[in-house]
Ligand code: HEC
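For reference, the chain that follows is the form predicted alone, supplied as structure tokens.
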């Protein structure tokens, strides 16, 4: 009797495993629909310049989309190619950044402006598959998104065949059931008034610089579970040898890394760039932000209510 129970238990388990494997396989390239923002690249020098400022500054695009020595090249007056292929070795597999130069075969040259805008705002590739949600551009204003696309269009095309993502069994399961398009959190503004206000600082923190991505506690699926900017999960160093770093609390609580900082101290720290070599934070990109943008960011952080590091959101 026991042998028969074990036998049928094994058969049922095997069948369930087969069904799961087949289902995961069939769901690897699901297609989704999403609106196409009515945005068009511009050749206007001011628009392109604004896009350049975002790409190399608050947007920190080069920290993912280039494998070159970005800072040294920029110091020499050379703009590195954003030709992708940087590998992110994650627990669920290896993810490679995309070539975002205008190359028609390996980059974004074959995509329309609206297709690029949809990818950034709604997380849907031109072929309809979902984008791994690593960027915070869903709520970027039309004017700024247009500027970014315009700048990328203005750069030389670089042919660079980026490897396909290499997902393990867990990664394929996550992709099958959890990776879905992520759109704007509300109505997207046509433009944002650039000033030193806390409102503009909030826009930079959540929609462009993605401070929230590291400095807010997440669950294992990447969902936010902590109070905004009250501190994030420890992050292992990229070399696997250096100590892990924990994104600190940025609120006005006494446990905050910024507690007692003056605006002058804040600006000075950002102008220093990266001090800890293995820090994940794109300090050098943020050091290229304008003084007014940094002041806006400071004013926003100082407007946050106090919250302890890692505190869970109030239900």
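Positions refer to the first chain, counted from 1. Note that this is a predicted model, so its numbers are computed, not measured.
One more form of this protein should be noted, the form predicted together with heme C, which is absent from this view; the next part is about it.
Trainee: Applying a 4.5 Å heavy atom distance criterion, does residue 71 contact heme C in the model of the complex?
Mentor: No, residue 71 sits far enough from heme C in the model of the complex that none of its heavy atoms falls within 4.5 Å.
Trainee: At 4.5 Å between heavy atoms, is residue 121 in contact with heme C in the model of the complex?
Mentor: No, residue 121 is distant from the partner.
Trainee: Residue-level contact is defined here as any heavy atom of the residue lying within 4.5 Å of heme C in the model of the complex; does residue 165 satisfy this criterion?
Mentor: So residue 165 counts as contacting heme C.
Trainee: Spell out, yes or no, whether the shortest heavy atom distance between residue 184 and heme C in the model of the complex is within 4.5 Å.
Mentor: No, no contact at 4.5 Å.
Trainee: Counting any heavy atom within 4.5 Å as contact, can you tell me which stretch out of 166-174, 71-79, 184-192, 147-155 lines heme C in the model of the complex?
Mentor: Among the listed stretches, the partner-contacting one is 147-155.
Trainee: Which one of 280, 31, 40, 271 is close to heme C in the model of the complex, taking close to mean a heavy atom within 4.5 Å?
Mentor: Filtering the options by heavy-atom distance leaves 280.
Trainee: In the model of the complex, does every one of 225, 296 and 303 come within 4.5 Å of heme C, counting any heavy atom?
Mentor: Judged in the model of the complex, none of 225, 296 and 303 sits within 4.5 Å of heme C.
Trainee: In the model of the complex, which residues of 10-40 put a heavy atom within 4.5 Å of heme C?
Mentor: Read in sequence order, no residue approaches heme C (within 4.5 Å, in the model of the complex).
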